[in-house]
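Below you'll find only one chain, the form predicted alone, shown as structure tokens.
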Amino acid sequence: MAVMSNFVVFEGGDGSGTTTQLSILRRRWATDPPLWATAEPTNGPIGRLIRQVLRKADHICPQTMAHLFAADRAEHLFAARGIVERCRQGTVVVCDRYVPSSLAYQGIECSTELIERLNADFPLPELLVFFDIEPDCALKRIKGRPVQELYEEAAIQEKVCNRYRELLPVYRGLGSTVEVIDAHGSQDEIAEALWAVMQKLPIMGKVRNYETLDL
């Protein structure tokens, strides 16, 4: 797997704030370089099926779930105007969940070997941002949601959190930049920490240098 420039992934357990922070980042982002905020599972046909299972509307075996996530991800990456095409054109793509989520969540019930094999041909993110929060704190945040999703249980989230922490050095070793953000703070505090991390992307330096030369 090769590291893909301009590709950023947000990861964390349920209630860690990845979706909220992506929404804040999208509102704050300037026009250059362009930003594409996206998420997995996607809103495509495979992603919609996955979401039904996550909402407990349907049930499938864990191995099938792992295959569905990989298929949805392949479409997300390689379809026209997908992640790969946009990154190559100079768009900063920020994805809420990616391969590490499969390893952390589906890896609880499936073999790591299966998850790795299904995702072996997918690029690595240039930047992996992990929103680090203790599971009990995260679950308190989402307690009022009208529907409890498949993995929103304390015992499962403990395992997910531990698996994420095991994965971070692996991704560093593979060439991704890994940043850990303390997600126990307020939305504004977390957003400021995230903004500082995003400014370190190589493409951001290129844009600033270009603008300086233009003055």
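So that there is no doubt, residue numbering starts at 1 and follows the sequence shown. Quantities reported herein were computed from a predicted structural model and do not represent experimental measurements.
Another form exists, predicted in complex with thymidine-5'-diphosphate; not displayed. Remarks below refer to it.
Using a 4.5 Å cutoff between non-hydrogen atoms, Y151 counts as a contact of thymidine-5'-diphosphate in the model of the complex. In the model of the complex, thymidine-5'-diphosphate sits within 4.5 Å of a heavy atom of L54.
The closest non-hydrogen atom of R81 lies beyond 4.5 Å of thymidine-5'-diphosphate in the model of the complex.
Within 4.5 Å of some heavy atom of thymidine-5'-diphosphate in the model of the complex lies at least one heavy atom of Y98.
The stretch in contact with thymidine-5'-diphosphate in the model of the complex, judged by heavy atoms within 4.5 Å, is 66-74, chosen from 30-38, 167-175, 66-74, 181-189. Not one of S23, T91 and K206 comes within 4.5 Å of thymidine-5'-diphosphate in the model of the complex, counting any heavy atom. If you take 8-26 and check each residue for a heavy atom within 4.5 Å of thymidine-5'-diphosphate in the model of the complex, you get D14, T19, in sequence order.
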